[in-house]
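This document opens with one chain alone, in structure tokens, the form predicted on its own.
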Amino acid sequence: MQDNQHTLSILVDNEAGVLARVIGLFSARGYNIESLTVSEIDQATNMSRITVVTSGNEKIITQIKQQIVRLVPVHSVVDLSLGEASVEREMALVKVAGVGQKRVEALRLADAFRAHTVDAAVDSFIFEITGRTDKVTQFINLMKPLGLVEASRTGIAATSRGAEAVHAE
């Protein structure tokens, strides 16, 4: 069986310790987390969404989903990699130091990738880039020979396409 990447959207109560329980499940079972984002989605109902990107064969992904949904206070688990199409995006801040031609080339590539300059100094830039993970990775890799200092990535934010909420009840 082949391992495939899956994006799981997990609806939980927004309370202390929930993230630790969900992540603890991955750790205890030896499942890898490739990306993780968490945010409050509804203050009135005190709900948060945990978005986890993991990989495994169909059997492992099914196990992960079944084990997560048993945790309290998890309300639902949706695999955005299955069924309806979804939109996934990641954001990164990329710091590049350089002068002369390397500086010019970094600016040219940033423009080509639609990255925004959010900070500029005489000898460095900080670019903000948003897009699919492969686009962000490609941009970072192209910046390496031009003076990449560091990159800070958000992890994937994802939702399903269409008029319905991911966790429609």
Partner chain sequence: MAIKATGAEIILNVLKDQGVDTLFGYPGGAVLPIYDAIYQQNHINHYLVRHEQGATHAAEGYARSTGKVGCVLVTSGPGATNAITGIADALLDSIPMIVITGQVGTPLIGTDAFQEADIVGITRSCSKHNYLVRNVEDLERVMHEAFYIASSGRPGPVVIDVPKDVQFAEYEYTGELVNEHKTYKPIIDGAPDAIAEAIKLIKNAKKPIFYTGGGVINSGPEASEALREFVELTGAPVTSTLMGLGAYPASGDKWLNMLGMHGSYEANMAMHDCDVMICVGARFDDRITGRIDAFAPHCKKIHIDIDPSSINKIIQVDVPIVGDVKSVLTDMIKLWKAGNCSKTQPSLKPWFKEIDAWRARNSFAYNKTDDVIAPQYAIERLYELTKDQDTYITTEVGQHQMWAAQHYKFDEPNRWMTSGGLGTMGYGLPAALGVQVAHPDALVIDIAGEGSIQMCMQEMATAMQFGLPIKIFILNNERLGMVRQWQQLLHGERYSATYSESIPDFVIMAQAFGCLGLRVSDPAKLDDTIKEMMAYNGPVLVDVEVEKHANCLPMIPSGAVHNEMILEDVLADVEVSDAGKRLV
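Quick caveat: nothing in here was measured; it's all calculated off a predicted structure. Positions refer to the first chain, counted from 1.
The protein also exists as the form predicted together with its partner chain; that form is not presented, and the subsequent description refers to it.
Checking 99 to 107, 138 to 146, 61 to 69, 120 to 128 against its partner chain in the model of the complex, the stretch whose residues place heavy atoms within 4.5 Å of it is 61 to 69.
Put simply, R21 is close to its partner chain in the model of the complex: some heavy atom of it is within 4.5 Å. A residue is said to contact a partner when one of its heavy atoms sits within 4.5 Å of a partner heavy atom; E150 fails this definition for its partner chain in the model of the complex, lying far away. At a distance threshold of 4.5 angstroms between non-hydrogen atoms, V74 is in contact with its partner chain in the model of the complex. Mapping the unseen interface onto this chain, Q43 falls outside it, with no heavy atom inside 4.5 Å of its partner chain in the model of the complex. The partner is not shown here, and in the model of the complex the stretch 117 to 139 never reaches within 4.5 angstroms of its partner chain through any heavy atom.
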